[in-house]
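The form predicted alone is given below as one chain in structure tokens.
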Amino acid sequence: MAQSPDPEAGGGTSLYVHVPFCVVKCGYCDFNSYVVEDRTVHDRFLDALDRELAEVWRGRPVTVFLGGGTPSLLDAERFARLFVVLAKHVDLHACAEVSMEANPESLTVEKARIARAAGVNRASIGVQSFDAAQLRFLDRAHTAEGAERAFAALREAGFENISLDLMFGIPGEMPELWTADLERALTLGPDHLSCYNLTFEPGTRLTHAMQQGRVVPNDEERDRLMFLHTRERLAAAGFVAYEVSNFAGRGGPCRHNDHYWLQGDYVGVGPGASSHRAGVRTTNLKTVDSWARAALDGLPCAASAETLHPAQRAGEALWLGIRRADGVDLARVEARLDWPVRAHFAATIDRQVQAGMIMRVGDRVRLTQAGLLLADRVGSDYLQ
């Protein structure tokens, strides 16, 4: 499982560890996460994670990502045990990038030091906003000052690569408020920023509220202005927009996410985690109890499996890759999949070029400025 020397070849396999616990289920969130205060459930999760890793993981990952949920929600004892479990199966210190998500309300200096000593070298804090009203609307459990304390805790623990997650396009948000959030984030001196336009995901409380007329989304023009301001301001601050919503500073791009966008193989462990290997996608049982029962009984944790046909794999390669600033090299995708990618998507690509959504130079296609604003729509054309 050695990393390929070609950064666009999708070589090697990454590992994703899903810790599904949160202090509150945010109304906009469609991730597989649960509010569970019973710490015996956390213990059972760690026991099951150990068993699943023993069954499904071998070798050295290209990258490791601990996500959720909120890994930092585990108390210090169980948080330390999480890394004891991982160390039995993965040498985190030998990985170029080991990322961990954390939320401000549960991250402490003690936990940050545990993670850093265990080999985590990149942390991502779910800030979303520094404004009290916005945080309440988003159901976030922290304050602006709590976010700043979490950032300071990571620095004190020795983290040199810290990313902040921020969100704009919150209903009723004006550009001035988003500008204030962005400036306060920059004052901290982060090494990477992820700035997402709030989306109304199916099945969430936020979408239900919109459908009932209790929440009205921002108009597209307001969100467009905030999106463009983000790119201009962060460029001026020395950040590189390497993907539609992600900006690399001193810490560089997130290698783990780039591995996904390049359609590299990955193994996901934990409730509801997905894996993709050589065109076969599996998804684990979703609930903590069903997943843990399977893992502890030595049974497969996957609830579903799908073998992608070549057109699906090619379509997803373009759908994911077009979000990158470098775009997609069609010839490389074609060679990797051994399938006529350029011929199959020729009409779609020509139409997008004529519409001004993408540009093509040789075999590489990437979004134009106009296309950046409609990246999801452009990408979905490849999935038809």
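Each residue number is its position in the shown sequence, starting from 1. Keep in mind that this is a model prediction, so the values were computed, not measured.
Below, we refer to the form predicted together with a small molecule, which is not included among the displayed structures.
Requested in this report: Report whether all of 68, 167 and 196 sit within 4.5 Å of the small molecule in the model of the complex, measuring from non-hydrogen atoms.
Outcome: The answer is yes: all three residues contact the partner (heavy atom, 4.5 Å cut-off).
Query raised in the report: in the model of the complex, which of the stretches 24-32, 52-60, 348-356, 334-342 has residues with heavy atoms within 4.5 Å of the small molecule?
Result: It is 24-32 that comes within 4.5 Å of the partner.
Requested in this report: Counting non-hydrogen atoms within 4.5 angstroms of the small molecule in the model of the complex, say which of 265, 101, 131, 223 makes the cut.
Outcome: It is 101.
Report task. With the small molecule left out of view, choose which of 140, 111, 192, 256 has a non-hydrogen atom within 4.5 angstroms of it in the model of the complex. Result -> Selected option: 140.
**Report entry** Non-hydrogen atom contact residue 126 with the small molecule in the model of the complex at 4.5 angstroms
**Finding:** Flag for residue 126 set to yes.
Query - the small molecule contact at residue 201 in the model of the complex, heavy atom, 4.5 Å - result: Taking the distances in the model of the complex, the answer for residue 201 is yes, it comes within 4.5 Å of the small molecule.
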